[in-house]
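In C-alpha coordinates, the next block holds one chain alone, the form predicted on its own.
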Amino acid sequence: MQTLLQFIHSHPVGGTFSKDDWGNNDFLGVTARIYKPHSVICRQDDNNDGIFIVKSGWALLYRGLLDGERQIIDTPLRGDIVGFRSVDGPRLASLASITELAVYEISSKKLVEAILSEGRLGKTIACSLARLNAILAEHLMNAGRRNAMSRTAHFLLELEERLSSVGLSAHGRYECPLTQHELADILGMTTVHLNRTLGELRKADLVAFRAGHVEVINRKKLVKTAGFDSEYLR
(Lines give C-alpha, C1' and ligand atoms only; values in the text may rest on other atoms or scores of the structure.)
Protein backbone atom coordinates (compact mmCIF):
# COMPACT_ATOMS: atom_id res chain seq x y z
CA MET A 1 0.00 0.00 0.00
CA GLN A 2 1.22 3.51 -0.86
CA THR A 3 2.94 5.31 2.02
CA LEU A 4 2.52 9.01 2.78
CA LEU A 5 6.00 9.63 1.37
CA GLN A 6 5.09 7.90 -1.89
CA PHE A 7 1.85 9.90 -2.04
CA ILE A 8 3.74 13.16 -1.54
CA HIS A 9 6.16 12.12 -4.30
CA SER A 10 3.23 11.74 -6.70
CA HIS A 11 0.96 14.51 -5.43
CA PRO A 12 1.37 17.86 -3.62
CA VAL A 13 -0.08 17.89 -0.10
CA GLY A 14 -1.66 20.89 1.57
CA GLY A 15 -2.65 22.64 -1.64
CA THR A 16 0.52 23.02 -3.73
CA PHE A 17 3.38 21.59 -1.68
CA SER A 18 5.86 19.04 -2.95
CA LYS A 19 7.93 16.28 -1.34
CA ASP A 20 10.84 18.67 -0.82
CA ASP A 21 8.81 20.67 1.72
CA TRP A 22 8.30 17.66 4.01
CA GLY A 23 11.90 16.71 4.73
CA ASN A 24 12.72 13.19 5.89
CA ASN A 25 10.54 12.26 8.87
CA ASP A 26 9.48 8.92 10.37
CA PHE A 27 5.77 9.62 9.97
CA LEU A 28 6.18 9.68 6.18
CA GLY A 29 6.23 5.86 6.26
CA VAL A 30 2.61 5.61 7.43
CA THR A 31 0.10 3.95 5.07
CA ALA A 32 -3.45 5.12 4.40
CA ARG A 33 -6.41 3.77 6.29
CA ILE A 34 -9.57 3.06 4.30
CA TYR A 35 -12.99 4.03 5.64
CA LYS A 36 -16.34 2.93 4.25
CA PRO A 37 -18.87 5.57 3.12
CA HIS A 38 -20.64 7.37 5.99
CA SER A 39 -17.97 6.48 8.56
CA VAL A 40 -16.93 8.90 11.30
CA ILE A 41 -13.15 9.28 11.23
CA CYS A 42 -12.92 11.57 14.25
CA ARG A 43 -15.45 13.30 16.48
CA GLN A 44 -15.79 16.80 17.79
CA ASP A 45 -14.48 17.03 21.39
CA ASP A 46 -12.23 13.96 20.99
CA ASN A 47 -8.87 14.43 22.69
CA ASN A 48 -6.64 12.37 20.35
CA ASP A 49 -3.95 14.30 18.50
CA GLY A 50 -4.20 12.72 15.05
CA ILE A 51 -3.90 14.86 11.93
CA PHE A 52 -5.39 13.54 8.70
CA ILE A 53 -4.23 13.95 5.10
CA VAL A 54 -6.80 12.93 2.50
CA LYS A 55 -5.45 10.48 -0.06
CA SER A 56 -8.68 9.85 -1.97
CA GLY A 57 -12.44 10.13 -1.64
CA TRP A 58 -14.84 12.76 -0.31
CA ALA A 59 -15.39 13.80 3.29
CA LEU A 60 -17.33 16.30 5.39
CA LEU A 61 -15.87 18.46 8.14
CA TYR A 62 -18.67 19.65 10.42
CA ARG A 63 -19.57 21.14 13.79
CA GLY A 64 -22.33 19.61 15.87
CA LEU A 65 -24.83 21.72 17.84
CA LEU A 66 -26.45 21.00 21.20
CA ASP A 67 -29.86 20.40 19.57
CA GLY A 68 -28.43 17.60 17.43
CA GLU A 69 -28.18 19.67 14.25
CA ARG A 70 -24.87 20.22 12.45
CA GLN A 71 -23.19 22.75 10.22
CA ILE A 72 -20.91 21.47 7.47
CA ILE A 73 -17.77 23.62 7.40
CA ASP A 74 -15.88 22.15 4.45
CA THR A 75 -15.48 19.18 2.14
CA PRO A 76 -11.83 18.07 2.49
CA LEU A 77 -10.49 16.74 -0.81
CA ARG A 78 -7.39 14.93 -2.04
CA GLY A 79 -4.22 16.33 -0.47
CA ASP A 80 -6.00 18.45 2.16
CA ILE A 81 -4.73 18.48 5.75
CA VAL A 82 -7.40 18.18 8.44
CA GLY A 83 -7.27 18.61 12.20
CA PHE A 84 -4.03 20.51 12.78
CA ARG A 85 -4.06 22.35 16.12
CA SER A 86 -1.43 24.53 17.76
CA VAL A 87 -2.33 23.46 21.33
CA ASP A 88 -3.58 20.32 23.03
CA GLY A 89 -7.31 20.02 23.66
CA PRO A 90 -10.57 18.67 22.26
CA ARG A 91 -11.25 18.67 18.53
CA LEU A 92 -13.31 21.53 17.22
CA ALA A 93 -15.03 19.55 14.46
CA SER A 94 -15.91 16.05 13.28
CA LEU A 95 -14.71 14.39 10.08
CA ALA A 96 -16.88 11.85 8.25
CA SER A 97 -16.65 10.09 4.89
CA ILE A 98 -19.18 10.55 2.09
CA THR A 99 -17.64 8.01 -0.26
CA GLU A 100 -14.98 5.42 0.49
CA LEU A 101 -12.23 7.53 2.00
CA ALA A 102 -8.49 6.89 2.32
CA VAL A 103 -6.61 9.05 4.82
CA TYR A 104 -3.13 9.16 6.29
CA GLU A 105 -3.12 9.74 10.04
CA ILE A 106 -0.04 11.21 11.67
CA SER A 107 0.67 12.39 15.20
CA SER A 108 0.30 16.09 15.86
CA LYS A 109 3.21 15.88 18.30
CA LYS A 110 5.52 14.36 15.68
CA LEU A 111 4.47 16.89 13.08
CA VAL A 112 5.09 19.81 15.45
CA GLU A 113 8.52 18.38 16.27
CA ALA A 114 9.28 18.17 12.55
CA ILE A 115 8.10 21.75 12.04
CA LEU A 116 10.35 23.03 14.82
CA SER A 117 13.36 21.23 13.38
CA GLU A 118 12.72 22.08 9.72
CA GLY A 119 11.72 25.64 8.93
CA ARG A 120 10.58 24.80 5.41
CA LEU A 121 7.97 22.34 6.68
CA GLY A 122 6.63 24.99 9.07
CA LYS A 123 6.12 27.34 6.14
CA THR A 124 4.34 24.56 4.25
CA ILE A 125 1.88 23.96 7.09
CA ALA A 126 1.36 27.70 7.65
CA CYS A 127 0.51 28.18 3.96
CA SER A 128 -1.85 25.20 4.04
CA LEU A 129 -3.66 26.59 7.10
CA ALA A 130 -3.85 30.04 5.50
CA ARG A 131 -5.49 28.47 2.45
CA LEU A 132 -7.98 26.63 4.68
CA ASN A 133 -8.80 29.85 6.54
CA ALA A 134 -9.40 31.61 3.21
CA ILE A 135 -11.76 28.82 2.13
CA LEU A 136 -13.69 29.02 5.41
CA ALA A 137 -13.91 32.82 5.08
CA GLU A 138 -15.49 32.45 1.64
CA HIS A 139 -17.95 29.91 3.04
CA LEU A 140 -18.89 32.44 5.73
CA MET A 141 -19.38 35.08 3.03
CA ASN A 142 -21.62 32.62 1.18
CA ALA A 143 -23.86 32.07 4.18
CA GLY A 144 -23.88 35.68 5.36
CA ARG A 145 -23.87 37.96 2.33
CA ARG A 146 -24.26 36.24 -1.04
CA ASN A 147 -27.73 35.54 -2.40
CA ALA A 148 -28.84 32.00 -3.23
CA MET A 149 -27.75 32.11 -6.88
CA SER A 150 -24.33 33.60 -6.23
CA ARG A 151 -23.48 31.43 -3.20
CA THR A 152 -24.42 28.22 -5.02
CA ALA A 153 -22.49 29.25 -8.11
CA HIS A 154 -19.51 30.29 -5.98
CA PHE A 155 -19.29 26.96 -4.16
CA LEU A 156 -19.63 24.87 -7.32
CA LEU A 157 -16.85 26.92 -8.94
CA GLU A 158 -14.71 26.48 -5.84
CA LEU A 159 -15.13 22.71 -6.04
CA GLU A 160 -14.21 22.78 -9.73
CA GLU A 161 -11.04 24.76 -8.98
CA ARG A 162 -10.00 22.54 -6.06
CA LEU A 163 -10.68 19.32 -7.95
CA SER A 164 -8.97 20.58 -11.09
CA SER A 165 -5.78 21.24 -9.10
CA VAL A 166 -5.61 17.54 -8.14
CA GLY A 167 -6.61 16.19 -11.56
CA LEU A 168 -10.22 15.34 -10.70
CA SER A 169 -11.98 17.90 -12.90
CA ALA A 170 -11.63 18.62 -16.60
CA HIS A 171 -13.48 20.81 -19.09
CA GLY A 172 -15.82 22.10 -16.38
CA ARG A 173 -17.06 18.63 -15.43
CA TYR A 174 -16.54 16.75 -12.18
CA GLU A 175 -18.12 14.11 -9.99
CA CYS A 176 -19.78 15.46 -6.86
CA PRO A 177 -21.28 12.87 -4.48
CA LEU A 178 -22.79 15.52 -2.19
CA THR A 179 -26.53 15.08 -1.74
CA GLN A 180 -28.76 18.12 -2.11
CA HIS A 181 -29.34 17.97 1.64
CA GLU A 182 -25.56 18.14 2.29
CA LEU A 183 -25.04 20.88 -0.27
CA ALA A 184 -27.89 22.88 1.27
CA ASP A 185 -26.28 22.44 4.70
CA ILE A 186 -22.94 23.76 3.42
CA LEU A 187 -24.65 26.77 1.83
CA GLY A 188 -26.95 27.56 4.76
CA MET A 189 -30.11 26.96 2.73
CA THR A 190 -33.11 24.67 2.92
CA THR A 191 -33.16 21.74 0.52
CA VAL A 192 -36.26 23.16 -1.18
CA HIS A 193 -34.55 26.53 -1.71
CA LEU A 194 -31.42 24.85 -3.05
CA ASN A 195 -33.42 22.70 -5.45
CA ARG A 196 -35.14 25.81 -6.79
CA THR A 197 -31.82 27.63 -7.11
CA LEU A 198 -30.17 24.75 -8.99
CA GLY A 199 -33.14 24.76 -11.34
CA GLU A 200 -32.67 28.48 -12.00
CA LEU A 201 -28.96 28.02 -12.69
CA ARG A 202 -29.72 25.18 -15.09
CA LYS A 203 -32.46 27.16 -16.91
CA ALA A 204 -30.03 30.05 -17.32
CA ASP A 205 -27.57 27.61 -18.97
CA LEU A 206 -24.93 28.33 -16.34
CA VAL A 207 -24.35 25.04 -14.51
CA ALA A 208 -26.04 21.65 -14.13
CA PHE A 209 -25.91 19.47 -11.01
CA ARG A 210 -27.58 16.10 -11.37
CA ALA A 211 -26.99 12.43 -10.53
CA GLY A 212 -23.70 13.10 -8.73
CA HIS A 213 -22.17 15.12 -11.58
CA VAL A 214 -21.58 18.85 -12.08
CA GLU A 215 -21.17 20.48 -15.48
CA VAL A 216 -20.20 24.12 -15.82
CA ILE A 217 -22.03 25.20 -18.98
CA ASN A 218 -21.05 28.87 -19.24
CA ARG A 219 -18.09 29.51 -16.98
CA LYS A 220 -17.70 33.20 -17.82
CA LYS A 221 -21.28 34.04 -16.87
CA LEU A 222 -21.17 31.73 -13.86
CA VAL A 223 -18.04 33.48 -12.55
CA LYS A 224 -19.79 36.84 -12.98
CA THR A 225 -22.91 35.59 -11.20
CA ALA A 226 -20.83 34.30 -8.30
CA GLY A 227 -18.36 37.17 -8.15
CA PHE A 228 -15.77 34.38 -8.07
CA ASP A 229 -12.06 35.10 -7.77
CA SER A 230 -10.00 31.93 -7.36
CA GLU A 231 -7.00 33.77 -5.86
CA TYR A 232 -7.98 32.67 -2.31
CA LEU A 233 -7.37 29.04 -3.29
CA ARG A 234 -3.72 29.70 -4.20
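In this text the structure is predicted, and so the values were computed from the model without any measurement. From 1 onward, residues are counted along the sequence shown.
Quick note: we don't show the form predicted together with another copy of the chain, though the next part is all about it.
The partner is not drawn, yet in the predicted complex one stretch among 168-176, 56-64, 31-39, 200-208 has residues with heavy atoms inside 4.5 Å of another copy of the chain: 56-64. Shown alone here, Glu100 lies farther than 4.5 Å from another copy of the chain in the predicted complex, counting heavy atoms only.
Of the heavy atoms in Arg78, none are within 4.5 Å of another copy of the chain in the predicted complex.
The closest heavy atom approach of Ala184 to another copy of the chain in the predicted complex falls within 4.5 Å. Although the partner is absent here, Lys110 is not a contact residue: none of its heavy atoms lies within 4.5 angstroms of another copy of the chain in the predicted complex. Residue in contact with another copy of the chain in the predicted complex (any heavy atom within 4.5 Å), chosen from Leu95, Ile106, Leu132, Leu157: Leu132. Scanning 123-157 for heavy atoms within 4.5 Å of another copy of the chain in the predicted complex gives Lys123, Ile125, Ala126, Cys127, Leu129, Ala130, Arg131, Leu132, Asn133, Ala134, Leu136, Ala137, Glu138, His139, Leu140, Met141, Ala143, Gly144, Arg145, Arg146 in sequence order.
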